[in-house]
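Form predicted on its own, single chain, as structure tokens, below.
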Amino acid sequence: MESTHYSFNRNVETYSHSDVVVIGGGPAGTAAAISAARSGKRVVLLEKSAQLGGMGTLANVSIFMPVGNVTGIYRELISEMLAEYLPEGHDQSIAPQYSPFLFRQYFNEKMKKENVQVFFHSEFVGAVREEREIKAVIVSTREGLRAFEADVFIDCTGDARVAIDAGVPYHAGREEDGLTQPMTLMFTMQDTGKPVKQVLPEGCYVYNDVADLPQGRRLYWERNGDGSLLVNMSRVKANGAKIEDVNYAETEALRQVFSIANYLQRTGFENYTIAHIAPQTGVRETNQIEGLYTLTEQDVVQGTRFPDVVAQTNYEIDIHSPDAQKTTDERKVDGYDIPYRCMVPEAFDNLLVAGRAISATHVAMSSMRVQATCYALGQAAGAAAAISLDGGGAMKDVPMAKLHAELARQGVRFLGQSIEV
């Protein structure tokens, strides 16, 4: 059937004008909004769901992966929510399991204190551009379409939705075939202290051995001593930015969750019952913009240092098989920098992309994609936006000395090198 195209023209009322609009309330978006607001800017944060925190709350990916340092806003979150895990120095690493429900409440209160105006149920629809600038984003709200204007926009959608709609070049997945890392539906089980009734709903699988499991392994965490088991064992071949893929993933992942829970109840977790299933399946990888610099596998493996560093990590190369095979490519790395240029699209003066959709190859992205690193990227983007508004020029021209000085003022510490401030 030949596809039909429609021209959809609409006069859209402007809802607000602010200094900075951040689209997406995950780790990068929350940090970007806080950082820009602390620099004295009027900040609007648009979130398509009912909660902030991104995959950490929406998808129950409620454990922070160890990234080799605990610094900046990420360190602040740990100190305020998970103080028992706070390391003495910035050059240490932690991997705490946390409550997505408490984090959701924490972020609501945090944004009030930081004077960030948050709009829930506000999903990006399109970008209005004029030459080298984004003038507004069109957003679907509970009152219909509304325009949000700003002087600087930060795309923290995770899928680079704003950048792509505006015409920024991008790629998806691995270079040879475009396949992305698979999706996973996280869930928790609770120790009830007594044997529970085993349930296997219609349409589910019977897993008898580890080899039968979707990842071919048992992967879970039980770190808080409260009998809460966080399970990461489903795996669905899908691109989280594709309509049909997501439709399939949401049903297949849930089928796997009940099947995995039943398997665990028969193999050592007889007293555990499902306590919470994330409201959406988690996404590891979708789109990467083509920025002024593309982070590469060589950068990650060789530990490249950059004068325009904005985030650092030593999180491993961690590629869940894009073919959804029962393998994971895990390779230890010693630590590397992520440069500011990875967040900057060449064609726009007032747009940054922060979080997992920055300019990176498939392999490099598998290391930089985790939550703690996304907080660091978002914090740098928010600070850069403020500097640009204070006479720092276009986003690509933001002076690194000023950006590093502002990040230092906000508590960011870089490891292994001396940064000019």
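Worth saying up front: this structure is predicted, and the values here are computed from it rather than measured. The numbering used is simple: start at 1 and walk along the sequence shown.
As for the form predicted in complex with a small molecule, it is not shown, yet the points below apply to it.
Student: In the predicted bound form, does C156 have a heavy atom within 4.5 Å of the small molecule?
Tutor: The answer is yes: C156 has a heavy atom within 4.5 Å of the small molecule.
Student: Would S388 sit within 4.5 Å of the small molecule in the predicted bound form, counting heavy atoms only?
Tutor: No - in the predicted bound form, heavy atoms of S388 and the small molecule never come within 4.5 Å of each other.
Student: Can you check whether Q265 is within 4.5 Å of the small molecule in the predicted bound form, heavy atom basis?
Tutor: Because no heavy atom of Q265 falls inside 4.5 Å of the small molecule in the predicted bound form, the answer is no.
Student: Would you check, heavy atoms only and a 4.5 Å threshold, whether L295 touches the small molecule in the predicted bound form?
Tutor: Judged by the heavy-atom cut-off of 4.5 Å, L295 is well away from the small molecule in the predicted bound form.
Student: If contact means a heavy atom within 4.5 Å, which one of 76 to 84, 184 to 192, 269 to 277, 206 to 214 is the stretch that engages the small molecule in the predicted bound form?
Tutor: Of the options given, it is 184 to 192.
Student: Which one, V310, V283, V116, A163, lies within 4.5 Å of the small molecule in the predicted bound form by heavy atoms?
Tutor: Only one option qualifies, and that one is V283.
Student: V61, V363, V44, M395: which sits within 4.5 Å of the small molecule in the predicted bound form by any heavy atom?
Tutor: Exactly one residue meets the criterion: V61.
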